[in-house]
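Only one chain is included here, represented as structure tokens and corresponding to the form predicted on its own.
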Amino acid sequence: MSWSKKGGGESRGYHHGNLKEALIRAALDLIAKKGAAGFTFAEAARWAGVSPAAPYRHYRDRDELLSDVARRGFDLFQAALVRAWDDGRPDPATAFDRMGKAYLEFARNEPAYYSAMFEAGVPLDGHPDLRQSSDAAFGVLRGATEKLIATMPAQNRPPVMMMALHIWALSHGIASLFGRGDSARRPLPMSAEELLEAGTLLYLRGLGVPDSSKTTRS
């Protein structure tokens, strides 16, 4: 499932019995147009082509709607990372690099979901389903990090969580600044993929992670 902006607010493709999906699409449109904090619950209803009272059939308030959008985004994000990781084939370092590129690709191709996931300010503690999806997506990165660390000499292995958080921060920072698919993207004299690859390589070499290309040649 992928979302792309259709444009316009007067025809949202709403049909009776599909109100929830219409509201999700309306929220994604409005996030793309105004940002995750730039619209009201009533505006989402109007954009979906329904009465201001209609959304309350499914959502308590705007935060709950945004939580559902973000949860769906994390589910899509997790699936993209799992596909890219591909059980660490042909080797953990290569698969790790591929997963980083998938991170950037998701931010570029799904900017509205990405904004809902990381910029909406919806508290995870109040939305257990959102926390579960968020944790599951991060779990893919953490699991991949654990496999990569296992290629290092035992005495040199850093804590898995620490390294996963460092890689996440690096990937997220580059995606948010330089790899977005919306107008908030900053200019860069190289591709976001090249920047992430260089940054990750420097970080991993500093930790002593083996160079898989040398291993392959030997």
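Because the structure is predicted, anything quoted here is derived from the model rather than measured. For every residue, the number given is its place in the sequence shown, counted from 1. In this text, rigid core is short for the largest set of C-alphas that superpose within 1.5 Å between two forms.
Below, we refer to the form predicted together with another copy of the chain, which is not included among the displayed structures.
So in the predicted bound form, are Ile24, Pro52 and Ala80 all sitting within 4.5 Å of another copy of the chain, heavy atoms only? Negative, none of the three is within 4.5 Å.
Using 4.5 Å between non-hydrogen atoms, is Gly199 touching another copy of the chain in the predicted bound form? Contact check for Gly199: yes, within 4.5 Å of another copy of the chain in the predicted bound form.
When the contact criterion is heavy atoms within 4.5 Å, does Arg108 count as touching another copy of the chain in the predicted bound form? Contact with another copy of the chain, no.
Does the 4.5 Å heavy atom contact test between Arg98 and another copy of the chain in the predicted bound form come out positive? Taking the distances in the predicted bound form, the answer for Arg98 is no, it never comes within 4.5 Å of another copy of the chain.
Indicate whether Arg131 is a 4.5 Å heavy atom neighbour of another copy of the chain in the predicted bound form. Taking the distances in the predicted bound form, the answer for Arg131 is yes, it comes within 4.5 Å of another copy of the chain.
Looking at 40-48, 53-61, 25-33, 154-162, which stretch has residues with any non-hydrogen atom within 4.5 Å of another copy of the chain in the predicted bound form? Going by heavy atoms within 4.5 Å, the stretch is 154-162.
Residues of stretch 94-118 in contact with another copy of the chain in the predicted bound form (4.5 Å, non-hydrogen atom): The stretch touches the partner through Phe118 alone.
Core-superposed comparison between the shown form and the other one, Trp168 Cα displacement 2 Å or beyond: False for Trp168: its C-alpha shift is below 2 Å.
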